[in-house]
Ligand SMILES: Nc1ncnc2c1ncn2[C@@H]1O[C@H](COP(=O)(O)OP(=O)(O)OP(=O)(O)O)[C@@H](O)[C@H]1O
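Only one chain is included here, represented as C-alpha cells and corresponding to the form predicted alone.
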C-alpha cells in the first residue's frame, strides 16, 4: 500500500486526482472484500457501538463501500441517515435512510432519500457521522471532493471545547493514506479514520 512520503510537497488537487484514480482502479471483488473488512473494523469501535443515530453515505467514484456496515447497523436497530444538500446554503442535512427509502439524485448525481425537510436532522443531532474522503493522513486530516460541504456543516465544532457531537469517523481504502496533508484553518479534523486494514484514532 502506498504511503506517499512526498504528499506534503504536492497540492491537494494533485493528491485528490491521484487517490481518486487509485481507488477507481480497484476491481469489484477487491471493493467487496474491503467493504466486509471495513465493517469488521468499524463495529468494534466504541463510538459505533454506542451510537443510536448514524449518518453515512452511498459509495460512488471508487469510495470504500459501507454496504456491509449498513446491513449490520440495521440489524442492530440503529437509525441511519444519508446527507442531503440544503437548496439555499450548500450545507448538509441528514435524511432518514430506511430499507424501503426512495432515493433521488441531487445535482451532483448523488442519491438522497426522498422525504420532507421536516424529517431532516442537523449534524449536531447525530451521534456518529461516517464520512467519505479522497485522501487522509494519520493525524485525522482529510480532503474530500473539494466542495467543502462537510466542513461548512461541521464548522460549529471548532468552537466546542468539551462536548462535541457527532463523533467524526472517515472511511477509506488504505491506499488513500498519505504521509501529511496541507490543511486550512476551516478544515475539520476527524476523530478516527477506518480502512480495511486498521483504525487511525486521533483522540
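Bear in mind that the values here come from a model prediction, so they are computed numbers and not experimental data. Positions refer to the first chain, counted from 1.
The following text describes the form predicted in complex with the ligand, which does not appear among the structures shown.
Contact annotation for residue 142: at least one heavy atom lies within 4.5 Å of the ligand in the predicted complex. Shown alone here, residue 28 lies farther than 4.5 Å from the ligand in the predicted complex, counting heavy atoms only. When contacts are judged by a 4.5 Å heavy atom cut-off, residue 20 does not count as touching the ligand in the predicted complex. Heavy atoms of residue 150 reach within 4.5 Å of the ligand in the predicted complex, making it an interface residue. Considering the ligand in the predicted complex, the lone stretch of 44 to 52, 30 to 38, 64 to 72, 151 to 159 in range is 151 to 159 [heavy atom distance within 4.5 Å]. Residues of 107 to 136 are not found to place any heavy atom within 4.5 Å of the ligand in the predicted complex.
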